[in-house]
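Take a look at this one chain, the form predicted on its own, written out in structure tokens.
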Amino acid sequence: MRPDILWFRDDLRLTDNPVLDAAAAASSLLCVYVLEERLLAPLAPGMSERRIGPARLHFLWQSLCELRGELLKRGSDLLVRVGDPAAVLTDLASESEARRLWVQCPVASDEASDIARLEQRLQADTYIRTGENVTLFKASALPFPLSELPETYSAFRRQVEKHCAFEDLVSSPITLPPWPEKMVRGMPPLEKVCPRATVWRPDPRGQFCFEGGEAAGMARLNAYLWDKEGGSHYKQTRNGLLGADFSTRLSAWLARGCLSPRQVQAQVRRWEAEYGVSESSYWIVFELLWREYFHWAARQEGAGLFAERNLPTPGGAFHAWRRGETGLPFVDAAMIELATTGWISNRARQNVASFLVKDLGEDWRLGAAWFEHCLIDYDVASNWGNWRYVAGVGRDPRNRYFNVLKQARQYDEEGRYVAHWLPALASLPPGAVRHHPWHGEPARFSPPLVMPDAWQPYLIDAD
């Protein structure tokens, strides 16, 4: 009997994996993951940093290693390759004489292009089958065609909350079809792909360590909801900046598909069944719906999500921003945290994005590309969608300006966050002076690159 191929993408789990569930009916099954070679290219002209940075690669390889172990327990295995997905899978389909190839529905234009090119190359008797693996709802369950996706998140949320029901989770398979005879299996050492990723470790000041894999993702979900009682306080703490538990921190596992959004939603409902519905438990699902909206928007917009893909050569202001050298502590602290841990809070993301685009006047696409490089939880739809949202381009193009100095004094009133990441500030007294140290000690601290008029009411001299 001819085998099937299961092409894992950002769905690196066995539980609640409808595509895997469908492929499990095959007589034999070749499970494959392809690290796209395009991710190893420089992220922008004149820069050596790759589109995928060491933090995300480290997490990804942990996830793949765990996935392989779980597949082996069920009588299967995993093959990991680096290259062009269409070329790699064409060769594997030809060599194995595959009957069908299973893969999740593409989220963005690069993934859609991979599948389209693969369809053109495959033998006429090898078919591609796609399924919904990364969203809360199937396309057929949405109360509107994709072409009529609402222009705003609020309109989208109202409609899906009224009309969409959550389906039951798909159980993890007990056994899987055997590996096709004579087909290669295994994965390359991470050191051969990216030596820096092998030794990458987060800065301990981040107070949290992401560990890849389905088991670690489920452990975090359970710990946050049941041990940390996140369902009772998430809405009040979600704008925090320091500590491990002000946020769910589930985004990395959702981004790689180690957890499905439906698993998170189902666990929240379990928590609510025991403790009652709260504003915070609702808000966790509210944030899942934001993710959902960006995913459907990415599918609708295609290549338009990225605007022009040819990025400009970054200038000095961009490099100062990414290195945390702008002179504005709230921005610099966040950018250092991002570079050394692979993660920053949503509040920090919004502020540094607004500062780059609105105050420094830099191209928003460079910021999105830098986040793509740095973030452990990089998700193509959420990342590029959020950057477009802040920049005021694309969907709902309102002017969204974050007054970074105002935000700093509101969300880091004592300056604890900035002093945590910028130790030189710890010698200054807690309070506003830590956010504009050039006023407090001009001999030690230079003014920031820019001083927008909008900051004037929030400067020390204006107090």
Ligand SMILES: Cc1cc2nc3c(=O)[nH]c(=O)nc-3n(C[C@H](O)[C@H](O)[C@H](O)COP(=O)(O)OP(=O)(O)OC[C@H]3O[C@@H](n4cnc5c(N)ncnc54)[C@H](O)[C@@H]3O)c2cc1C
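In this text, residue numbers run from 1 along the sequence as written. All of these numbers come straight from a predicted model, not from anything done at the bench.
Here the subject shifts to the form predicted together with the named molecule, a form of this protein not shown in this document.
- Figure note: of the listed segments 377 to 385, 130 to 138, 179 to 187, 77 to 85, the one touching the named molecule in the model of the complex, with heavy atoms no more than 4.5 Å away, is 377 to 385.
- In terms of contact with the named molecule in the model of the complex, the residue from Y234, W370, W102, F156 that brings a heavy atom within 4.5 Å is Y234.
- In terms of contact with the named molecule in the model of the complex, the residue from R262, R117, K228, R249 that brings a heavy atom within 4.5 Å is R249.
- Contact with the named molecule in the model of the complex, defined as a heavy atom within 4.5 Å, is made by none of L14, A22 and A93.
- Within this chain, Q350 lines the site of the named molecule in the model of the complex, having a heavy atom no more than 4.5 Å away.
- Taking non-hydrogen atoms only, K358 never approaches the named molecule to within 4.5 angstroms in the model of the complex.
- Of the heavy atoms in L254, some are within 4.5 Å of the named molecule in the model of the complex.
- Contact between A334 and the named molecule in the model of the complex is not found at the 4.5 Å heavy atom cutoff.
- Contacts with the named molecule in the model of the complex, taken as any heavy atom within 4.5 Å, map within 252 to 289 to L254, E287, L288.
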